[in-house]
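Before any questions on how it binds or moves, here is one chain, the form predicted alone, in structure tokens.
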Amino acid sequence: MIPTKNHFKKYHAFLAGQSLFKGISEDELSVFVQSMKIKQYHKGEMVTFDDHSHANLYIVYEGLFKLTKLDEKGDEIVLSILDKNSAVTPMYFSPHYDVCAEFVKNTTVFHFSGSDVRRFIDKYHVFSNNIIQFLADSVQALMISAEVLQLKTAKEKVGWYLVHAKINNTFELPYSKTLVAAYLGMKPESFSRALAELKKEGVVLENKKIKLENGNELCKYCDRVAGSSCSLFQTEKCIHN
């Protein structure tokens, strides 16, 4: 499906707010809107992506889904959780294994073909720089995820994940416990046990709301990556100082 005239302004405004299109003029951005395709997926739907048929740039307009693959034992590995404003590039796809998208909510995705992306990169210098920055950020995020999964205990993983909610002041789990547990490479029962251990330290999760007895219980699970977004990190009030 291609954008209709009725939705052109709305889609144009949405893309204008994406970091991938930062610095692109209104007229140039119109070319992108006219080139993109729109795909809608239903909750519970599963789609297998491969590097040949899906070499596209995907941007989530609304909804929620997870990208997964199977390991050698047949267990599911969650590569990423994607919601509104998230983007997916072919860097997630490989000729050596298939990646599956499982849609947690009804989802609308904009996508640009690989040939269109290459054409835009050749034509718009700003866009090519944005793509490079996006890929660099994505690789860093994957490296951080790998480090968390390999080097931290179950309690440390959950604490590390929850500390982001404290830093951004939402104090709320953004997704279901089951989805977060899968992202952290944990079974739901392991996630629950980790929460029970954190509760002993004054960290309570009621439904999706995070409550802290003193306010700084999660700070011990912060690190330089998470702390880079915290205004108090390594100040006098920071326990890491």
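All figures in this text were calculated on a predicted structure; none of them were measured in a lab. Throughout, we count residues from 1 along the sequence that is shown. Take the two forms, superpose them, and find the largest set of C-alpha atoms that agree within 1.5 Å; that set is the rigid core.
This next part talks about the form predicted in complex with another copy of the chain, which is not shown.
A.B. asks: Within 4.5 Å, heavy atoms only, which of 100, 149, 104, 165 is in contact with another copy of the chain in the model of the complex?
C.D. replies: Selected option: 149.
A.B. asks: What is the one choice in 128, 170, 113, 86 with a heavy atom within 4.5 Å of another copy of the chain in the model of the complex?
C.D. replies: That would be 128.
A.B. asks: Each of 93, 139 and 144 within 4.5 Å of another copy of the chain in the model of the complex, by any heavy atom, yes or no?
C.D. replies: Checked in the model of the complex: all three residues contact another copy of the chain.
A.B. asks: Can you check whether residue 69 is within 4.5 Å of another copy of the chain in the model of the complex, heavy atom basis?
C.D. replies: Within the cut-off, so yes.
A.B. asks: At the 4.5 Å heavy atom threshold, is residue 10 in contact with another copy of the chain in the model of the complex?
C.D. replies: Residue 10: no, not in contact with another copy of the chain in the model of the complex.
A.B. asks: Report whether the minimum heavy atom distance between residue 185 and another copy of the chain in the model of the complex is within 4.5 Å.
C.D. replies: Close contact exists here: in the model of the complex, residue 185 approaches another copy of the chain to within 4.5 Å, heavy atoms only.
A.B. asks: Look up in the model of the complex whether residue 232 has a non-hydrogen atom within 4.5 angstroms of another copy of the chain, and give yes or no.
C.D. replies: No, residue 232 sits far enough from another copy of the chain in the model of the complex that none of its heavy atoms falls within 4.5 Å.
A.B. asks: Once the core is aligned, please say if the CA of residue 93 is shifted by at least 2 angstroms between the shown form and the other one.
C.D. replies: True for residue 93: a C-alpha shift of 2 Å or more.
A.B. asks: Could you check, with the core superposed, whether the Cα atom of residue 71 shifts 2 Å or more between the shown form and the other one?
C.D. replies: After core superposition, the displacement of the residue 71 C-alpha between the shown form and the other one reaches the 2 Å mark, so yes.
A.B. asks: Any idea whether residue 92 and residue 29 get closer or farther by CA distance in the model of the complex, knowing it moves 3 angstroms or more?
C.D. replies: It is closer: in the model of the complex, the C-alpha atoms of residue 92 and residue 29 lie at least 3 Å nearer than they do here.
A.B. asks: Using the form shown as baseline, tell whether residue 92 and residue 157 are closer or farther in Cα-Cα distance in the model of the complex, where the change reaches 3 Å or more.
C.D. replies: Farther apart in the model of the complex, by 3 Å or more.
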